[in-house]
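Following this are structure 1 and structure 2, which are two forms of one protein chain, each written alone as structure tokens.
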Structure 1
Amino acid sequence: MTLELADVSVRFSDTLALDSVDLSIADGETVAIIGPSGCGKSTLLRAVAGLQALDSGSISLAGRSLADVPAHERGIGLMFQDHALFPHLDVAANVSFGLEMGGVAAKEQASRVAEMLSLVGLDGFADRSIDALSGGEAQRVALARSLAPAPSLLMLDEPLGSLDRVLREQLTADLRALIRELGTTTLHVTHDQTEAFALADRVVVLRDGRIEQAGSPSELWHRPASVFVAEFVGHTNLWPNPMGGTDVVPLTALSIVDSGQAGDVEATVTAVTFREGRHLVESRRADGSMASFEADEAPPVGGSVQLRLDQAKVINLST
């Protein structure tokens, strides 16, 4: 269902956690909000869920204003950071809680719980106690719990935040498949751009409570609106342009030239990391700015390299 935020502001004592945010999410769309910690992204989710009062602006869901709708009547699914499972209830009771609140009959609850647990790959976990779950299992139960009442909008707050890398990657893939399958409108908050790019149709970069840029993952990467966005999505080579502004140089714009030949750029190698069959080479130009690139052969650390620059791939940000 369509979610619409218009001019939303939230103030905590002397700081603006959200500063006139306008955001519109289409039916069935998956949007990720990324930003450093403290940028207001969790506040945004809490505001939509009705757990945080607005200082100004309005939020509407499917064309209906949520201003006077308390949290428990919004019908929005929210999966909390670190899950917030009810520790005194078992897995089944956690998942069925929302169904029970919605007045679903007991028999239907049981079958829906089984269906949800199966959906997240936890068949047979119904009677487990919350204490006995691993981090990944708790994450799946939390997801099942927020999906069980079939919310019109699903919100995920750092859903994979506390998990280790291998588990994250696996669950990211599972989550993406699940969201696509259900077609639920999803709003997803994370500080990890890889996770956001993997899950979302559209990514919103939030900085100090303001939207810095919104667009597809590819747009953010190829046309970052600011140095902040460029750095946040993972660009490392940011060179001052003599004509003004900053040049963002993707890794792929740089390649090493054969020894003895002159390149466009000279740099000193500071580190080499072997990564997925190639070498990630970090080097610095004379002015100290970073020049990272990939190479088949590792150049010696401390040595100087000549690099060819593919000018067409360079993005100029005029500040």
Structure 2
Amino acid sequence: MTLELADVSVRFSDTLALDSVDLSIADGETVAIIGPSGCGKSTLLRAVAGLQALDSGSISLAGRSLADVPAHERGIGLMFQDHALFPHLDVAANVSFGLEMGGVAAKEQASRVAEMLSLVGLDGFADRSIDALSGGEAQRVALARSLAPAPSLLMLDEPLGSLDRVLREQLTADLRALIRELGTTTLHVTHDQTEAFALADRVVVLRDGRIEQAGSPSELWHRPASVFVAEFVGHTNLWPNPMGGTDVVPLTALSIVDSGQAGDVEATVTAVTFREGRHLVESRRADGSMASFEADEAPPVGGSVQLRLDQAKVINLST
């Protein structure tokens, strides 16, 4: 189902939480909303869900205005970071909650619960207590509950933020595959750009209630529209360009040259971190700007390094 936000604004006292936001999400598309704390991510999600009134603008789903539609009648599935499961109900009762509220017959409920639990990899969990679940299992139950009523739109609010890295990466992959399989239109709110890039077809960067940039993960990484976007998606090397603007220098644009050879850039190593088989080296140039790069061997902290710069990979931002 296509979701349309047109000129949406929400104000809290003197703060404009959402400022004339226009956003369209196509049928079956997954869009992630990212941005710093207080940028309006959660307000946008609450507005779509019907939990936050608009000061101006409109929201429609499949061409139908949601202006006078109560939250529980919008056909939206919600999944939260803290699971929001009912501890006094077992897994099956949690998953069937929305079905029961919708007046679905008990026999059909049971069939749908079994289908959803199988879909999220929890066959045999129907009678389990919520207290007996691991964090990952609880999130899968929450997802099954969100999907059980076959929502027109699935909304994820920081769904994996409370999980450890390994489990988060596993569930990200599982969630991506599941959303693709079902073809469910999905709006995903997160502070984690890595998670957003892994899940979304398109990523929207919010800043102070306005859309700073929207595009595919590749577009945001390779063609950031501003220094703000470049920094938020993870670029650390931002250098003033003598001809004007700012140069964004990806990690892959810098490499250490052999000992005794002159490079294009000289920097002083400030920190070295081992990650995923290589060393992330943080260094600074004479003007104070960072020159981070990856290397197979770790140079000594405090030492000077000569770096080769691949100018073809440098992104110049004129503003």
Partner chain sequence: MDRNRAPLIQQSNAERSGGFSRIALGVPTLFLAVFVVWPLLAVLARSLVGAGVGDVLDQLTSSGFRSVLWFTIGQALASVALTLLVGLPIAHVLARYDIKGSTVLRALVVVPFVLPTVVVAAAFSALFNRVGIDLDRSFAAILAAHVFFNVAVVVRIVGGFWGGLDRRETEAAMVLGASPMTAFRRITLPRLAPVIAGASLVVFLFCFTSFGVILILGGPTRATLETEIHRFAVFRQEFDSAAILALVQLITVVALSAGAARFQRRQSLASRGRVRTAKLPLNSAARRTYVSLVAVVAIVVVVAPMAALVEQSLRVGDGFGLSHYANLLERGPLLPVAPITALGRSVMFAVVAAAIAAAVGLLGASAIARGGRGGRLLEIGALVPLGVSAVTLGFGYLVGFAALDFRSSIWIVPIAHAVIGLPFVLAATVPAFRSIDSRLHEAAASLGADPATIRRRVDWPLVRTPLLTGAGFAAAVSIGEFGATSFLARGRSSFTAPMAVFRLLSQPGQLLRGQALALSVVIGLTVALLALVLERRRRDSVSLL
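Quick caveat, the model's predicted, so the values are computed rather than measured. Residues are numbered by position in structure 1's sequence, first residue being 1. Whichever C-alpha set is largest while still superposing within 1.5 Å between the two forms counts as the rigid core.
The chain as displayed in structure 2 is taken from the form predicted on its own. With the core held fixed between structures 1 and 2, Val189 has its Cα displaced by under 2 Å. Leu89: CA moves 2 Å or more between structures 1 and 2 after rigid-core fitting. The Cα position of Leu122 differs by 2 Å or more between structures 1 and 2 after fitting on the rigid core.
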